[in-house]
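Below you will find one chain, with nothing else, as structure tokens; this is the form predicted on its own, and questions on how it binds or moves follow later.
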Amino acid sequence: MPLEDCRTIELPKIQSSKGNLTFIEQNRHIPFEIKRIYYLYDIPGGEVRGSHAHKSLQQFFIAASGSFDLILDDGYNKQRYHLNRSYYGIYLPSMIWRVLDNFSSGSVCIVLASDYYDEYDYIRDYDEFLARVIYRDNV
């Protein structure tokens, strides 16, 4: 999938003097059914997360608190996103290499996933990822 298929999605934000509320509805705000939610937190300074791609899984990343960077790579181009607002997220289709870094102190990254955990869906070797991209694009 090309990087153009990745996109920032603004989520609803209901403001009140009592605080703000944001919600996410599957197949409405994000283009898939949510089957798994996980979150990253207490990331030590300078640590990097991710460094993999998925064969079929789609995901949606949100900085629920603090900030972090999401570096996306489709095998041809790379793009860095800085996430720091809880009412914006980044949609990733399958076959996008992702690296998360530059976590601020106290940051929380929430990830919505289109399927249950499946180790077989992971591509953890960058050279294998590139080979799959090139093969896909030449078939």
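Residue numbers run from 1 along the displayed sequence. Computed from a predicted model, the values in this text were never measured in an experiment.
Another form, the form predicted in complex with a small molecule, is not on view; read the next lines as being about it.
Novice: Which of these stretches, 66-74, 22-30, 89-97, 35-43, has heavy atoms within 4.5 Å of the small molecule in the predicted bound form?
Specialist: Single hit among the candidates: 35-43.
Novice: Can you work out whether the small molecule is within 4.5 angstroms of a heavy atom in all three of K55, R132 and Y135 in the predicted bound form?
Specialist: No, none of K55, R132 and Y135 comes within 4.5 Å of the small molecule in the predicted bound form.
Novice: Can any non-hydrogen atom of R49 be found within 4.5 angstroms of the small molecule in the predicted bound form?
Specialist: R49: contacts the small molecule in the predicted bound form.
Novice: Can you tell me if K13 lies within 4.5 angstroms of the small molecule in the predicted bound form, counting non-hydrogen atoms only?
Specialist: Judged by the heavy-atom cut-off of 4.5 Å, K13 is well away from the small molecule in the predicted bound form.
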